[in-house]
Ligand SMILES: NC(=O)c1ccc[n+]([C@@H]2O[C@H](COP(=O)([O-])OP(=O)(O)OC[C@H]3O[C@@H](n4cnc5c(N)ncnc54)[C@H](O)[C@@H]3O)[C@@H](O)[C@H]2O)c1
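Single chain ahead, written as structure tokens, the form predicted on its own.
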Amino acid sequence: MDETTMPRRLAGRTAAVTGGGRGIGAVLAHRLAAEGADVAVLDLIDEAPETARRIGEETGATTCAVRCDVTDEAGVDAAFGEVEETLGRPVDVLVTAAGIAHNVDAHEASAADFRRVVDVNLTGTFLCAARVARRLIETDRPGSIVTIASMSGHIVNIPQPQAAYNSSKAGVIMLTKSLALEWIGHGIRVNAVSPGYIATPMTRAVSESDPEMYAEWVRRTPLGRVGTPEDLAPLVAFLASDEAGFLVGSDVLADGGYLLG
């Protein structure tokens, strides 16, 4: 589907995507903009302003880039305040795509290693979601939050050792359900997407450095390939839109059938 025929399900919305500077987050931000939302790209990486500029140029949406460390509560508050000032409205669509992985045997990992993964993936999701919900409740506005969890929140996928990542993503799934129940009375829907293996710079690096591991990922995926960020984008846009109005606290697996094996 080209952008001239894209549905405009998010027209009039203000969306923010954490981790939106590149990879999955950038593709999701582009899709939200193509469906009519004004979009803020929140990230720490230097590419974020160029990503926001390109998205605006290609979709015609109003965009901005804001530096945001999702683990810093004060920084999160300031970043979302800057988004509202720049785009002119409170954020009413949030996608929490910021995340990291650190593959190390658990008996060799430090507490700092473990905490860093949990802080970004789980605590960061909480801080951003809570900041957006607080402002929506203050202004009596509905909204939609889509968290990016992982099939790793459901299984211990192998062969890589990633106890911290698996634990953090399981936490994102339960956090999503908890927040969904707390906030639905305010008109704020919270849902999760749990991707399988997705082609990103990180997975491409694995395919080059450890082709046997990459081949095992593909072998275990019944669809016969890893996914792409573009596979996820329509689903995230749907969950963000009113068309998903009866989905509350859902966790949608997008894993090419991996968990069926």
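Note that residue numbering follows the sequence shown and begins at 1. These numbers come from a predicted model, not from an experiment.
Another form, the form predicted in complex with the ligand, is not on view; read the next lines as being about it.
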Worksheet item: Heavy atom to heavy atom, is A61 within 4.5 Å of the ligand in the predicted bound form?
Response: no
Worksheet item: So in the predicted bound form, does any heavy atom of V95 sit within 4.5 Å of the ligand?
Response: no
Worksheet item: Is D38 a contact residue for the ligand in the predicted bound form, using a 4.5 Å heavy atom cut-off?
Response: no
Worksheet item: Though only this chain appears here, would L87 touch the ligand in the predicted bound form if you measure heavy atom gaps against 4.5 Å?
Response: no
Discussion item. Taking 4.5 angstroms as the heavy atom distance cut-off, pick the stretch from 87-95, 177-185, 113-121, 130-138 that is near the ligand in the predicted bound form.
Written reply: 113-121
Worksheet item: Within 138-153, which residues have a heavy atom closer than or equal to 4.5 Å from the ligand in the predicted bound form?
Response: I148, A149, S150
